[in-house]
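Okay, here we've got a single chain as structure tokens, the form predicted alone, with questions on binding and movement later.
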């Protein structure tokens, strides 16, 4: 697994409120109530906070550095106060340096409250989504942008619905294998630089870079635009990484898996992924083997392990023979007539 040894985990330290506003405007119907205000403020925490106790005056545990969400509970509490007290409570809340505030369920803050936020350069947003859904959407967005990721040198292809990441030394033929798989109807996710992101618990997602999506370099030929050459059916923008295949030159002295009874894994961003070490030499059909690797992974995923089934059959056969069963070992017990 030498190709994965030097991979460095990267994490974003912050994103701007403006980036969140632009990305989520259409996706989450996020409306900026004081347009242009607080766009440069930094969001440094992927978690959200509902300032229920802070509104009542208890701020000892107030995590003000998080995005603040005002649901029905907070909104109607404010509405229950007198106008003077409402302004006082809201001003006290915004005396802390909060990144921004999101009001859910289509509720609208009083203009006086929005004016306080504008004066203190804090963006106020509203969304028509109910609080539970709004928190889910925003949490997923922030979790994605603060997730650990790493650039991996390889080729990433969707083969029969399984995300297969090919790694190996430079020039060993990763792009050529990917190109052959595309020609056979499979879909390219990324070539050369694959950005792998840890999404949730135990899930790795792979995508290409924004600079050159679905471009491929083939030595001796140059750069190819797979989307333009093979069409939209030949690409994917993202895929879960499910199998890692390391290509290496055949070494007669090395030991390679023969039965597949032991499932090998490789660690990538702290997550164990099924791993295949594949020796190559001239004349070996790597493309077909890659398809078989994907199909075998899918069989295992759905509960069928060919190596284990064979081992069980072998154990049963040995047990039967020791009990005196001398049945023929042919797979066909009787050769029927076959005339052509």
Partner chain sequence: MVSRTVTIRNRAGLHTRPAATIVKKASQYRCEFTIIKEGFRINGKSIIGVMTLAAEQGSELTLEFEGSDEEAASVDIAEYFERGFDEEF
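Since we're looking at a predicted model, the values are computed, not measured. Numbering follows the first chain given and starts at 1.
Omitted here: the form predicted together with its partner chain. The next part is about that form.
Scanning 200, 111, 151, 106 against its partner chain in the predicted complex with a 4.5 Å heavy atom cut-off leaves one residue, 151. Checked against its partner chain in the predicted complex, the candidates 115, 261, 92, 223 yield a single residue with a heavy atom inside 4.5 Å, and that residue is 223. Although the partner is absent here, residue 211 is a contact residue: one of its heavy atoms lies within 4.5 angstroms of its partner chain in the predicted complex. Its partner chain is not drawn, but in the predicted complex it has no heavy atom within 4.5 Å of residue 232. Taking the partner from elsewhere, residue 193 is found to have a heavy atom lying within 4.5 Å of its partner chain in the predicted complex. Using a 4.5 angstroms threshold between heavy atoms, residue 267 stays clear of its partner chain in the predicted complex.
Contact annotation: its partner chain lies within 4.5 Å of heavy atoms from the stretch 211-219 in the predicted complex, the single such stretch among 138-146, 158-166, 121-129, 211-219. Residue 170 is the only member of 156-178 with a non-hydrogen atom no more than 4.5 angstroms from its partner chain in the predicted complex.
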